[in-house]
Structures are given as structure tokens and as C-alpha cells.
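Heads up, the chain below is alone and in the form predicted alone; it's given as C-alpha cells.
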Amino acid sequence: MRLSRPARGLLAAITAVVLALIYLPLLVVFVNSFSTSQNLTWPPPGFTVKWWAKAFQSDGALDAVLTSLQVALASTAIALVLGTLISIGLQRFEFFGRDAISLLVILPIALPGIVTGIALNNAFRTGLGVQLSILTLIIAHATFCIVTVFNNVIARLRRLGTSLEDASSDLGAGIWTTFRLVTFPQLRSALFAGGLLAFALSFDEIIVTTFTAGSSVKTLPLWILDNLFRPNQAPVVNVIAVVLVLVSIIPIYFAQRIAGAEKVVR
């Protein structure tokens, strides 16, 4: 179906407006990170890199970055292991309740973050009697990071089929040998893409983090929220926000490139 010229023009205009609403605020944050104004007046009276130097000398910001990296890496590792095992179990085996389990696996990322955060907070503090810490935060992040790995891996398994695994079994290979030499090599790119997306999702998450981190744990998004309305910290917050955007975009970019490259190969 071909659109008429007025329809194409209207669609292009709507697309441009939507993209502008999404990306112009990010551009403003980027420009303000170089502004000489401490109050972030617009347009900037001048440009400087001193806020970048100050940001990388801020102990609070650096500690928050390190904490976010630790949480994102740990939750991604858990998600890779559990997401892969769940995907193989649900795709390669038939059993009662398989569809219900698949729904339960995907549900954490579909629920509003505040609902997940409150539920996990109650589970940790009331149900289990556990004090909130970085460990509870990692577990909380892993609950929704698993979904990104699960979706990537189970989609790959559906496309692969079972012919190669069946041939490996017919030749005498055991389950572990078949997984190590046949299944895993075909899943590596899906695992890499899922891991990148899980890392990006965990690194900048704030809603669930607010309910499960505890007062002693400060991730980068929480540090930004705490310092956002402090006048002397506003330019530094803009710098950290730019870094956060870059750290989130890069994994997503590579995940998209991997998915695109696989489509070309097939």
C-alpha cells in the first residue's frame, strides 16, 4: 500500500515532532553539561569543561557509578544463567503449566515498576525478614533482567529447531556435551545481545531500586535524584546524566547491530 503525498508529509511531520520531544531534552542536558552557568540559565552564557573535571573528582558520583556497575554486572550474570535455563526448559520440554510459567517469567517487566518495587520490598522485609542491601537490589534487578535474556534466547531456540541436537544425541553425545558443542555456540550472539540489554536496563533503573536498595546503597540514578535540586550540584548532575545516557545507549546499539547482522546472514 502506497500513501499519498499529503499522508506521507503528515506522517513525516508527526514523526519529526515525536523525535524532537524525545531527543531535544537530551540535547539540552548535553549542552548544559558544558555551560559556564551554575544555575543553568538558557542559552548558556559560555562553555567550559570544568564541570566534567569536577564530576570525575566527585567521590559520591564515582561511588555511585561503581555501585551501579556492580549491581548491573551481577544481575546480568544471574539473568544470563537463569534466563538461558528457563528458555531451554520451556522450549525443549513439554509439561503441564508450561504456558503459565512462561507468563510468570515475562510478568515482572510488564508490571509497573512501583508495583514490583513494593512487592519485593514487602517480600524482603516482611516475608523474609531481610534488611535491604546491595544483595536485595541485585536480586530485584535480576527479576526483570531475566526477561530480556529469556526473550532473546527462546526466540533463537524457536528458529533453530531441534534437528542438530537430535543428530548429536543420535551420535551418542550426552545432554551436557550437546549443549556445550551444539546448542551454546548457536546461542552466543543471542546471549550477548540479551546480556547487553539486561545491563543497560539495570544500570539506569530507579523505581525498583528506590524500594529495594536500602539507605546505605546509592546507585547512579539515586545519586542524580538526590542531587538534582541542589544548586551547586546541578551542572555536575548534567554531566553524570550525559554519562548515564551514553552507558545506556552503547549496549543497546551493539545489541541492535548484532540482531541486524544475524538477519543479513540468514
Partner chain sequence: MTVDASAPPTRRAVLPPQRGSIARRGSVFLSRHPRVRLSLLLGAPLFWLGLVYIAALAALLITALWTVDSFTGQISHTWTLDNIVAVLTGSLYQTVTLRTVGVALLVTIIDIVIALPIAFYMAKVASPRAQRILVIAILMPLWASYLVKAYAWRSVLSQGGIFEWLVAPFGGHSPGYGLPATIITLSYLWLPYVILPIYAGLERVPDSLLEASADLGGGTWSTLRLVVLPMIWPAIIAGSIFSFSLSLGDYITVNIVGGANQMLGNLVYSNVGAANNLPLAAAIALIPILIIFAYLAAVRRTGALNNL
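Because the structure is a prediction, the values reported are computed rather than measured. The term rigid core refers to the most C-alpha atoms you can superpose between the two forms while keeping them within 1.5 Å. Positions refer to the first chain, counted from 1.
Unshown form predicted in complex with its partner chain; subsequent notes refer to it.
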I'd like to check something about residue 104: if you look in the predicted complex, is any of its heavy atoms closer than or equal to 4.5 Å to a heavy atom of its partner chain? yes
Touches its partner chain in the predicted complex: residue 228 (any heavy atom, 4.5 Å): yes
Considering non-hydrogen atoms and a 4.5 Å limit, does its partner chain approach residue 200 in the predicted complex? yes
Answer with yes or no whether residue 238 is in contact with its partner chain in the predicted complex, where contact means some heavy atom within 4.5 Å. yes
Hey, which residues along 7 to 37 are within 4.5 angstroms of its partner chain in the predicted complex, non-hydrogen atoms only? 8, 11, 12, 14, 15, 18, 19, 21, 22, 23, 24, 25, 26, 28, 29, 32
Please determine whether the C-alpha atom of residue 241 is displaced by 2 Å or more between this form and the one not shown following superposition on the rigid core. yes
Is_shifted residue 66 between this form and the one not shown (CA, 2 Å cut-off, rigid core): no
Out of closer and farther, which fits the Cα atoms of residue 196 and residue 15 in the predicted complex compared with this form, where the change is 3 Å or more? closer
